[in-house]
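One chain comes next, on its own, written out as structure tokens in the form predicted alone.
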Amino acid sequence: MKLSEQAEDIIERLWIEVEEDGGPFLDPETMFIKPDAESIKELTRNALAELKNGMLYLRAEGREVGRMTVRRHRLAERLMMDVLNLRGETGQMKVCQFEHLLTEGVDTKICTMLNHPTTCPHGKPIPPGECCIEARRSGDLGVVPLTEFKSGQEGEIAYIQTEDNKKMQKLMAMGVLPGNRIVLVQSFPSYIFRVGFSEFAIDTALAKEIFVRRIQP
């Protein structure tokens, strides 16, 4: 079911209060929301939560919805902070906007791109999805640093993880761009890789900042 953004925000907070913090309920007014708000009615109408004496209780039917909403929020935090390097108030604002766009399937792609992270940037656990369980079962880690590749292995560049603009510009000038194919030629004494028809040599520190999606032979 597709909930409104405010209803998603409420059940996310409710799930955290009950499942993580061990509280019995959520007081909607701590979120500056009145108990008779339409978003509260939306949750109770869909049997995801129950309102008693002005307090909101999580129903069994709402646990999975809440869990997945929290998962999307924390994946969005990882994406914004680790990949896009958006932090502070601006980063949090973008997280709150972006998490509502992570519909089923999109969150799986982002989770795989991020290598199935287990915690958010603040150390809170990210509830695992089916993709995480399957990756651990099969041993397929999805996206890994270039340093995890073996000589001759080919992959697709997923993203660059660096806060240094000069490093970013250097790699982009080499053709290290998301979606481009990359082949690791050698890993010692330096990392030599090929993008297109050109080969480049970089050190280990820089190679660790190139994240690549393995291409199965």
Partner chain sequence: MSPLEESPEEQHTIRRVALVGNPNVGKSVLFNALTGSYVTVSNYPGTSVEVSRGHVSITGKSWQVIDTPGMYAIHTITEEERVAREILLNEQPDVVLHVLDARNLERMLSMTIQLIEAGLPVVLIVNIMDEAERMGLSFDLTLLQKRLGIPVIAAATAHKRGIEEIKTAIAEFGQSCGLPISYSRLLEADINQVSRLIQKEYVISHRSLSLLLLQGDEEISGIISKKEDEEVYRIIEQNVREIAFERRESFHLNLSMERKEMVSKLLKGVIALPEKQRKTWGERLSNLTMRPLTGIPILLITLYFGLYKFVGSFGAGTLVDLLEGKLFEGLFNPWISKLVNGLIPWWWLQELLVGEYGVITLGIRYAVGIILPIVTTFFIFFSILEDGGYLPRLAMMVDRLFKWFGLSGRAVIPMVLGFGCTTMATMVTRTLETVRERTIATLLLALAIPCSAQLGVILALLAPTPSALLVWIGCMTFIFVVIGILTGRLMPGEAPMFYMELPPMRMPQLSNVITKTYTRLLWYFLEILPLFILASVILWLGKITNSFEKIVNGMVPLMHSIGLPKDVAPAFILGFFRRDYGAAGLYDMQSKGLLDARQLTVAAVTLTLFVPCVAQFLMMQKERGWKIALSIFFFVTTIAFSTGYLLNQLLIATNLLG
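Positions refer to the first chain, counted from 1. Predicted, not measured: the structure shown is a model, and the values here were computed from it. Throughout, rigid core stands for the largest set of C-alpha atoms superposing within 1.5 Å between the two forms.
In what follows, reference is made to the form predicted in complex with the partner chain, a form of this protein that is not presented.
In the model of the complex, at least one heavy atom of Glu199 sits within 4.5 Å of a heavy atom of the partner chain.
Using a 4.5 angstroms limit between non-hydrogen atoms, Asp21 is distant from the partner chain in the model of the complex. Interface membership of Phe32, defined by any non-hydrogen atom within 4.5 Å of the partner chain in the model of the complex, is ruled out. Not displayed here, the partner chain is approached by Asn165 to within 4.5 Å at the level of heavy atoms in the model of the complex. Interface residue among Met55, Ala47, Ala37, Met172, judged by heavy atoms within 4.5 Å of the partner chain in the model of the complex: Met172. With the partner chain left out of view, the stretch that reaches within 4.5 Å of it through heavy atoms in the model of the complex is, among 23-31, 60-68, 47-55, 174-182, 174-182. When two forms of a protein are overlaid on their rigid core, residues whose CA moves 2 Å or more are considered shifted, and Ile210 is one of them between this form and the one not shown. Shown in the overlay between this form and the one not shown, fitted on the rigid core, is a CA shift at Ile16 smaller than 2 Å.
If you fit the rigid core between this form and the one not shown, you'll see the Cα of Pro178 move by 2 angstroms or more.
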